[in-house]
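Have a look below at one chain only, the form predicted alone, in structure tokens format.
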């Protein structure tokens, strides 16, 4: 190793930074995609809405820290499945100092009403189309944008959409989930053809219902596959 390469391989001794977690948690309420936000009770950005999250403690695993922050700030946590979304580390993202944040994503079908705690004065489910990105704390608008795109993509290649439906559901009920997450109207006939022709996605129950109004519709259950092939793509 040359002296120059050796210098590059040596970590700087004066580097100071913190590690944090942020949580992007979506659910569907009244056929609208909603995001969990908290109102900050402490500086910086006191009084602004933000994603739940906070600093990782010295003896914590990242996932453990994410669940702790979710529980402390919103009262939620158990039963919420988290997956890593991305890492954010712009030098100026936190006015308190250099902070590296690992963002976590969750789509929770059975999300309860949040209860604020810790350094959050309020916790609330916000319809995504009612969020003013310009007023959010830190770089959370960017994190939310990334989380929303990941959530929308997950419905393309996984059967997650069916998890937001009752145990037995119609294609129209499933379509309402996709429309809420994707934020667009879907042609009923094309959607019906795609989901019913996707191998292993839906299992017919043999029963019918007129709960959607109009003519009786076939009831389905979620199939056994974990990956949709072909995917249910957006227009």
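Bear in mind that the values here come from a model prediction, so they are computed numbers and not experimental data. Residue numbers count along the first chain shown, from 1.
Omitted from view is the form predicted together with the DNA, to which the following refers.
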| property | result |
| --- | --- |
| Contact stretch among 58-66, 45-53, 187-195, 22-30 - heavy atom within 4.5 Å of the DNA in the predicted complex | 187-195 |
| Residue contact check: residue 226 to the DNA in the predicted complex, 4.5 Å heavy atom | no |
| Non-hydrogen atom contact residue 175 with the DNA in the predicted complex at 4.5 angstroms | yes |
| Partner contact for residue 16 in the predicted complex: the DNA, 4.5 angstroms, heavy atom | no |
| Touches the DNA in the predicted complex: residue 210 (any heavy atom, 4.5 Å) | yes |
| Partner contacts in the predicted complex for 37-72 (non-hydrogen atom within 4.5 angstroms of the DNA) | none |
